[in-house]
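Just the one chain here, laid out as structure tokens, in the form predicted alone.
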């Protein structure tokens, strides 16, 4: 394994005083929303929390994973404290939250992951969560599907080796022979995090590979469909409508296999 500097390890770094307090101070309460936009408060209470979050095709835990991934991908730190707490209440473990941050450093950028670290460190401190409950920096990795990875490596090398061999090499060594094999997230959940981040940031070009991978890893079509429904509220209708044709093509192609 090549040495990484995962965001999980960075959770042990002290957070600057007041960082979380500043974030918490701008969490929007129901009363605050009503005083500015009564319609927004009603949509939030009735259609988001009273509607989408209660739909049956995705568990509350999975909805929290999707939401956390979207917030980190979009670097929406003001909503992180409440939703990270909600995730832990909904059954996401501290190790899974930590590993989600680590994963998204690669898929949405180090700065976004470190912003999430600042929020999560305070939550972990408040809950008495310590390093013993977090994923190791250098765990025993899950087994690699050598045939599938060899095929992926070949296709990427042929397409982009003459453009940036460094990207090709790091994709192989850091992502698919390391990050994706870390055991703190089940492959299905890691795929769920990845697909949610791609949709949330409008990176639909990467969706066919990762949505197919997610479904190979156990995400059902009804669950994938519900991820889109959920993310319309958190990433916006335009990002979801950009993703809908891609999802349809993936669904249809798999139905013909």
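Residue numbers count along the first chain shown, from 1. Remember, it's a predicted structure, so these values are computed and weren't measured experimentally.
Heads up, the form predicted in complex with a further copy of the same chain isn't pictured, but that's what we're talking about next.
Undergrad: Looking at 185, 101, 87, 80, which is the one with a non-hydrogen atom within 4.5 Å of a further copy of the same chain in the model of the complex?
TA: Answer to the contact question: 101.
Undergrad: May I ask you to state whether residue 56 is within 4.5 Å of a further copy of the same chain in the model of the complex, using heavy atom distances?
TA: Residue 56: no, not in contact with a further copy of the same chain in the model of the complex.
Undergrad: Since only the chain is shown here, I'm wondering whether residue 134 would be in contact with a further copy of the same chain in the model of the complex (any heavy atom pair within 4.5 Å).
TA: Residue 134 belongs to the contact set for a further copy of the same chain.
Undergrad: Please run the contact check for residue 140 against a further copy of the same chain in the model of the complex: heavy atoms, 4.5 angstroms, yes or no?
TA: Because no heavy atom of residue 140 falls inside 4.5 Å of a further copy of the same chain in the model of the complex, the answer is no.
Undergrad: Even though a further copy of the same chain is not shown here, does residue 144 get within 4.5 Å of it in the model of the complex, heavy atoms only?
TA: It does not: once a further copy of the same chain is placed as it appears in the model of the complex, residue 144 has no heavy atom within 4.5 Å of it.
Undergrad: Heavy atoms within 4.5 Å of a further copy of the same chain in the model of the complex is the criterion; list the residues of 94 to 131 that meet it.
TA: Sequence-ordered list: 98, 101, 102, 105, 106, 107, 108, 109, 110, 111, 112, 113, 114, 117, 118, 120, 121, 124, 131.
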